[in-house]
Structure formats: structure tokens, C-alpha cells
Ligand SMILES: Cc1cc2nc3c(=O)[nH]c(=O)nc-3n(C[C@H](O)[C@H](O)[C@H](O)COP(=O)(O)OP(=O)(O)OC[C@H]3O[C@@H](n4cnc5c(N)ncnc54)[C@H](O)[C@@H]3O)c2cc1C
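Below you'll find only one chain, the form predicted on its own, shown as C-alpha cells.
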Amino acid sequence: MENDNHKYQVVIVGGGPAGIATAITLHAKGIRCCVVEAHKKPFRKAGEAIPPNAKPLLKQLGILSLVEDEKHKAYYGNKSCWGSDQLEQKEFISDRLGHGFLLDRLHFETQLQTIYTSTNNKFYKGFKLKKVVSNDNEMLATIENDKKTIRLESQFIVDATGRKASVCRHLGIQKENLDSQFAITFNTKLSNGIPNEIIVEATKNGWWYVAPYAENEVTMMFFTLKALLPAKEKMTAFLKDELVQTIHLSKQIQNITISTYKIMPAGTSCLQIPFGENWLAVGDAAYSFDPISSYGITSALASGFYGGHAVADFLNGKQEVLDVYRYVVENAFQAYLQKLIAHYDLEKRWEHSYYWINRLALFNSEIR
């Protein structure tokens, strides 16, 4: 295998929203960086909504025009059946910042990578992280694809690898999982379209999330605890039965076809400290949020923005900035936990079910 050596001020591992936000922030501050991304091409991820209050952040990052692209749709609110049998509408019409955006997620990922590519900083697409070593105030990262192995040398490394927090794991740092919630996600065609809105409905064993994907097609996600996940051969029947149990979704979505599905962690997790000697974590690598909070994409972009500023200032001799970054993201995480518990506490209809007993007991033990 061919071997190369490359030196940068900062290596960012992960080319999703958090990693790209970090990279374009560092570029704006005059810091030479590179991004390492395991996938050769952008791919569609879960998470479609950007609320109105994210607009100032998008403007700061210089990417507000991306979400105003015609492939993304105006997002005026959610419908939610949670805490009662009623389907309630929450609209953004009264929000001073106007509407939000329902993203074409694949297009958004492509847009972000195009923005980064335009900075002329190096983009290692299709390279997997194999090793990270801290060596005398220098970070050494080994990456490889099927043709070559490259050793990247840098003053600093940023973990933007999502929930798996790969850089942290290589450095021997583990995230703490606060709960064992998982998501089962699949797409299905509908005989009739649905509005440009997200629908959430709680059930005895968890809750559903439905969002438009394409014309007459939706993304459906069912969130439940690991202990309630059925065997693989029973999964389709389990999902169809859970949909039948809903009051409202079952009227709108019938005779679903589930050809393929994915199961992925969807609980809350965090690092005890989101930085260390010459490394920092952003996005889900630092804090992973319950999707009911709608923190996902916005939080990833925000932590990349603040993390990028912190790393740039640190490299310019301001030692205290990493502690400031920690203060900002930890406070945001604590505020998130308080809101999350309050939201789950609204649901009293299945107080004796396994899902709701464990959900509330676990979160209450974490916060009190």
C-alpha cells in the first residue's frame, strides 16, 4: 500500500453537518484544516427539520442560502399526539423568525460538502480512521482506503464522527449512555401525499415520527427501548402492529410496505468532558440527543460553529477557550435534559407500560 504524510493545523474526522460547520469556521479564522470522511459520496441521514430559531446560526455560518434552496420546503409546524388522544398542531406562524425548513437531507449534505470543497482545504473522502495517537503535543491520525494509507499530522484533532465518537474511542475515552432507546426507521409509499409537516404520536411501547421524504413517500421511525425490540423475523409484524395501535397515524397511513429498515441508537449520551489534550468533540460525538427534542441538525451545526472558534482561538494561544466551549455546550445539554424530562412527563396514558416506566425513571434519576 502507498504511504503518504500530510501536515495540518487541525484534522476533522467526520464530514457531516458538525464536521463541515467546524471546518468552514476554522477556514474563516485562517486555520489550515482537512476533513476525513468515511463515505465517498454524501448519503441521506435521518433528521429533516430545521426550526425557525436556527436562522441566526445559519446566517453566522454563511449557509442560510443553502436551506432557502427550492429543494428544501417551508416548515410551518408539527402535529403531535402526546399526553392526550388529541392531535395538536404547533405552528411557527407567530414566531418572529417565520417558518423553518424541511430539508431534502441528501441535498443538504451535498450542499455542505460543496461549500467546504470551495475553501480548497483537503477533503479525504472514502477514508476510514484506523488509529489516533497523541505524541508530544502532536496528534497523529492514520487513515486508509482500499488503495493507500495516509498519516495525518496536526496540532489538533476534532471528533465529528457522530454517536460512535471514533476519535474519542481511539484515545480511550468512552461516552456515557443515559438510556437505551433505539429507532427503527424505514420509508414507505403512500397512496396520498401528506403535508409538509412532521407528525409525532406516542403509543404504549414508544412513539412514532413521520416526515415527508418525496412525493407520496414518507420516512417513518418508531422509537422504543432495546429490551422491547423484537427478533429480526418478527420486526415487520411488530411495526405494523404498533402502527395499528395509533389513534391518528393509522387513519392516514395504511397497508404499509416495509422492504428494508434500519435499527440505530436514538437515546441520550454524552462525554463527561467534551475536550482533552489537543482534541475536541462536536455534534453527536460530544452530546447525542433524543430526536423528540429536535436538537439534532441545529445542535450539530452550533457545536461545530462554537467548537471551530474555540479551536482557532486555542491555537492562537488562548488556553481558556476550551473551558468556555465546555461551559456553553454543557449548559445547553443540561437545559435539554430539563426540557426532555418535562416533555416525557406529559405522557400519562401508559404509566404502567415498560417503555414509559423506564423512560421517566431513568431520566429522573439522571437529573435529580
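In case it trips you up, residue 1 is the first one in the sequence shown, and so on. Because the structure is predicted, anything quoted here is derived from the model rather than measured.
Keep in mind the form predicted in complex with this ligand is missing from the figure; the text below concerns it.
J.: Is Ala310 near this ligand? Define near as a heavy atom within 4.5 Å, in the model of the complex.
T.: Contact check for Ala310: no, nothing within 4.5 Å of this ligand in the model of the complex.
J.: Within 4.5 Å, heavy atoms only: does Arg151 come near this ligand in the model of the complex?
T.: No, Arg151 sits far enough from this ligand in the model of the complex that none of its heavy atoms falls within 4.5 Å.
J.: Answer yes if any heavy atom of Val13 is within 4.5 Å of a heavy atom of this ligand in the model of the complex; otherwise answer no.
T.: Yes, Val13 sits close enough to this ligand in the model of the complex that at least one of its heavy atoms falls within 4.5 Å.
J.: Would you check, heavy atoms only and a 4.5 Å threshold, whether Pro291 touches this ligand in the model of the complex?
T.: Judged by the heavy-atom cut-off of 4.5 Å, Pro291 is in contact with this ligand in the model of the complex.
J.: Though this ligand is not shown, can you say which of Leu87, Met221, Ile253, Cys270 has a heavy atom within 4.5 Å of it in the model of the complex?
T.: Of the listed residues, the single hit is Met221.
J.: Go through Ile341, Ala38, Leu315, Leu58 and name the one with a heavy atom inside 4.5 Å of this ligand in the model of the complex.
T.: Checked against the cut-off, the match is Ala38.
J.: Can you work out whether this ligand is within 4.5 angstroms of a heavy atom in all three of Ala49, Thr185 and Tyr209 in the model of the complex?
T.: Yes, the whole trio is in contact, each within 4.5 Å by some heavy atom.
J.: Based on heavy atom distances of at most 4.5 Å to this ligand in the model of the complex, which listed stretch, 133-141, 257-265, 235-243, 77-85, is the contact stretch?
T.: Contact-bearing stretch, as computed: 257-265.
J.: Can you tell me which residues in 111-130 come within 4.5 angstroms of this ligand in the model of the complex, by heavy atoms?
T.: The stretch touches the partner through Phe127, Lys128, Leu129.
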